[in-house]
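For reference, the chain that follows is the form predicted on its own, supplied as structure tokens.
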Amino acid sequence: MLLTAPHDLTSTFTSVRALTETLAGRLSPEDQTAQSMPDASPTKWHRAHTSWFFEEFLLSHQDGYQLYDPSYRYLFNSYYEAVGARHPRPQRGLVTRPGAVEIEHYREYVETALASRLEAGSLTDRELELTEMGCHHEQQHQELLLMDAKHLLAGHPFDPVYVNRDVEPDVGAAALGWRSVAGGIVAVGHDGNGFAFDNEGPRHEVLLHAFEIADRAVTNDDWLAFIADDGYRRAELWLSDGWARVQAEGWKAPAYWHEQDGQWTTFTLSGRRPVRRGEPVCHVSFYEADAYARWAGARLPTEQEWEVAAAGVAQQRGQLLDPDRCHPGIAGSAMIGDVWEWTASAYLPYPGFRPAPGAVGEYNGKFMCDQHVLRGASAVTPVGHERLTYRNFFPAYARWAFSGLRLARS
């Protein structure tokens, strides 16, 4: 069911597309081509893939539409087996042609074609639904673009700046407090009011026991205490796979942190900065979040607990995507924004979940294995893309996402 009026959808489509170009525009063509690891993608690829989505699932079926370049169906397909063969993900950075300028032309070609059909009112209800999904899909890739660009730039020996931002004072967050949440049979999942991805439903009931949840996220100051207490050197705190990862990769602190002469700094999209005590800790894996919770005498909330607890908070937002900031604020009471929060829940289907028929059904359901759920949103989540029921997911080792944690206890 279409949840955005057609005239509003046209405006949403053009504004979403423009934001992608704003974010990419601060990167050089060379920046946009490189791929820093197999789990990341070049900026140029994100720009092309989000255009491919609209072309493949909407425009290619329209009378009179001519593909911009048939080779793009292979180059910029991500994982849709039903569409056909695709270029291997770890080798996306080797695709130097088309270049960033040609991708700009491709984006303009697709945008012009789809905008004209939206304005003409010639799309079916199903095609309008796919357009709305495509806008949210592109917003997902805006966040991925910034995550991946940060990982790339962090590998540069001279800490390049993506966005200029004033150095902020080192202030602490409020003392950690706890909020009680009653147990009982509660409904969770998306209720159909507004857009949601298929993995957010169907809405269903679960039994929760009474619990307490922290009234703010874990901060850098909290994490410094974990480091000082040998948190990364105490095997008893870690899951077995997590401890193996700590040993193999030499983890001593969150990703992007560096200690020199007793001072900790972190790489941000504004270059390397001193670690600010009051910010939510960011770029930690599920393994690290779980170990910290055990060290703190607490645990991670399940995703159902998180959702019920968040529903009981006045719906203020933390820091969401501001292209002139791209960084969390000081940890506060908001549960949506600043950092995605790891939960104790494996990424699994809700009762009654059924993937949509066809290729778009591959969007979420096929990844429901060996992933963990994160809730909330982050400082690089586009405004309007966040919601209470959003189920983000990453493998347990992932650290390049803007990921943190919030404690719970029974």
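One-based numbering along the sequence shown. The structure displayed is predicted, hence computed values, not measured ones.
From this point on, the text means the form predicted in complex with another copy of the chain, which you will not see here.
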Classify residue 278 as contacting or not contacting another copy of the chain in the predicted bound form by the rule of any non-hydrogen atom within 4.5 angstroms, answering yes or no.
-> no
Is there any non-hydrogen atom of residue 209 lying within 4.5 Å of another copy of the chain in the predicted bound form?
-> yes
Give a yes or no for residue 176: in the predicted bound form, does one of its heavy atoms lie within 4.5 Å of a heavy atom belonging to another copy of the chain?
-> no
Closest heavy atom of residue 262 to another copy of the chain in the predicted bound form, within 4.5 Å or not?
-> no
Heavy atom within 4.5 Å of another copy of the chain in the predicted bound form - residue from 249, 322, 125, 241 = 241
Since exactly one of 313, 227, 296, 100 fits, which has a heavy atom within 4.5 Å of another copy of the chain in the predicted bound form?
-> 100
Run the contact test on 129, 182 and 384 with a 4.5 Å heavy atom cut-off to another copy of the chain in the predicted bound form and return yes or no.
-> no
Please name which of the stretches 281-289, 333-341, 109-117, 254-262 has residues with heavy atoms lying within 4.5 Å of another copy of the chain in the predicted bound form.
-> 281-289
Between 244-258 and another copy of the chain in the predicted bound form, list the residues on our side with a heavy atom within 4.5 Å.
-> none
